[in-house]
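The chain that follows stands alone, in the form predicted on its own, written as structure tokens.
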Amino acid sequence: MKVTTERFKTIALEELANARTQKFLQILPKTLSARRQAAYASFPDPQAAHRYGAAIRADAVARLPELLERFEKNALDNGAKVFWASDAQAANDYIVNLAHAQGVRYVTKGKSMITEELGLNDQLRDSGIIPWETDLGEFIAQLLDRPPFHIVGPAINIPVEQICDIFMQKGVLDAPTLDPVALGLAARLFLRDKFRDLHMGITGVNIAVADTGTVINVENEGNIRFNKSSARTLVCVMSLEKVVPTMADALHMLRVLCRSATGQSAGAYISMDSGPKKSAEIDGPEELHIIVLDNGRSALYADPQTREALRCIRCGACLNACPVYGKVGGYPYGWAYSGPMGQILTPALRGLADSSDLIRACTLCHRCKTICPAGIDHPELLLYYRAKDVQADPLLKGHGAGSAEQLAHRVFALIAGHVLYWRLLTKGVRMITDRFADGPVIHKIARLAPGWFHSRDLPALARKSFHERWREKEHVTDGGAHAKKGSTLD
């Protein structure tokens, strides 16, 4: 999948002008948030359950090296094979080489954001192996060659007309239909055929249990269970932070994950695998390979500030609470992870070079922090990233006090601190903008601080200040200033 994080602002503006996206976003976040709230009410003490989930994730991240070693030992004892992948290339190479060694022509995949992060589908195709996404939303997104719109529903925004067209083009559908049930059935029959003689299935991991060496997946469609039970070889890819200490911890995290993601007490299918199938078992893989992926997370862990991002359980609740995501949707984020979740993971895993607009697309309203079942302080992390980004800014770094932007900020601070100077400035700016709106003077002003205006619009000042408008609506009497009866400031 092509990463387009650096085009956040451009794509966001396109989505703001997209009438269908805007109409859809008026419904989706509110609906999912309401379902989450209703599901949390089923806890005897919702706030206590929320705090307990955050405590489990905090403890797991604090003890991460120890828990990963324990998980590996128990997974190996269960008969699984564990591979530590330092980066995406190492993980992709392992999977491709394994597929070639076993003569695999195609693989099926369960819904997995971690394989989106790897760019695994492209690597498989380049190696002559056909990847098939088996989650309905991921399948549609794959056929359309689009990133996920939402972590819970990757193609939830795609209209049925477009799904019908792509299904007809790709041979999934024999005759056109706009019936959603018929479209779902066509995809199901098409994909079901891929499981009949399946050599290799690939899934992600929602939770890994250190004490038992177990990998856990939760879903609603059953495709992950098909991948796990039908394939001769199963590859489970987990990012290293997914581990928790005990099965009791895992069960509680499943409760908050399902409620936060889909508003369910539990997903329709929860699969737990502790090694490949035993000799007396009829279902399950003959080989289980678990890939533990780093891909920048060790560096994340080494910094006490960014370590908190590793608490994330990928529930997507923060997307539904975020006012920015609620306006632009998932495409502008340009990678596997969107919303506040993407804003704290993408810069940490891919660097700040292409994330300048991304880390600034936040109102700091703290709704994401409040709703997060893992207890992440997204706003604090974003402020930390912004500080790091500014420190590396060539406009500031090495230019001392003489840089144009620093000088502009100092002059602005001086003017803003004196009422008379401020009034003179605003009057002058009004005169300039009235006379040269969208003209060369405005462009020259913007060029004084290109880093600032790269991610901000320069709104026009009101023609009259508040005080000027107030004086027009007031009259002065001998006893002082009194508002006219019935006057307004409209």
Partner chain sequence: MPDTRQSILNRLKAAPSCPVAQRPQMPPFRERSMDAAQLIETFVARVAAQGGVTECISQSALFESMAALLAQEGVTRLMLTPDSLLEPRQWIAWGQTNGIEVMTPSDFPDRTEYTQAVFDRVQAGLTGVDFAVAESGTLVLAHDASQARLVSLAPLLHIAVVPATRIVPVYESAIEKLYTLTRRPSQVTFITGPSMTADIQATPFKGMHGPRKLVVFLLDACAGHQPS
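Here the structure is a predicted model, which means the values were calculated and not measured. Positions refer to the first chain, counted from 1.
Just so it is clear, the following notes concern the form predicted together with the partner chain, a form of the same protein that is not shown.
The candidate spot formed by A17, P131 and T306 is out of contact with the partner chain in the predicted bound form: none of the three has a heavy atom within 4.5 Å. Here is the short version: of G417, G171, G103, P180, the single residue with a heavy atom within 4.5 Å of the partner chain in the predicted bound form is P180. This chain lacks the partner; the member of P379, P147, G204, G153 within 4.5 angstroms of the partner chain in the predicted bound form by a non-hydrogen atom is G153. T370 falls outside the set of residues with a heavy atom inside 4.5 Å of the partner chain in the predicted bound form. Shown alone here, S230 lies within 4.5 Å of the partner chain in the predicted bound form, counting heavy atoms only. At the 4.5 Å threshold, heavy atoms of D126 stay clear of the partner chain in the predicted bound form, well away from it. Using a 4.5 angstroms threshold between heavy atoms, Y384 stays clear of the partner chain in the predicted bound form. Heavy atoms within 4.5 Å of the partner chain in the predicted bound form belong, among the stretches 118-126, 334-342, 78-86, 354-362, to residues of 78-86. Using a 4.5 Å cut-off on any heavy atom, the residues of 230-268 that reach the partner chain in the predicted bound form are, in sequence order, S230, A231, R232, L240, P245, M247, A248, D249, L251, H252, R255, Q264, S265, A266, G267, A268.
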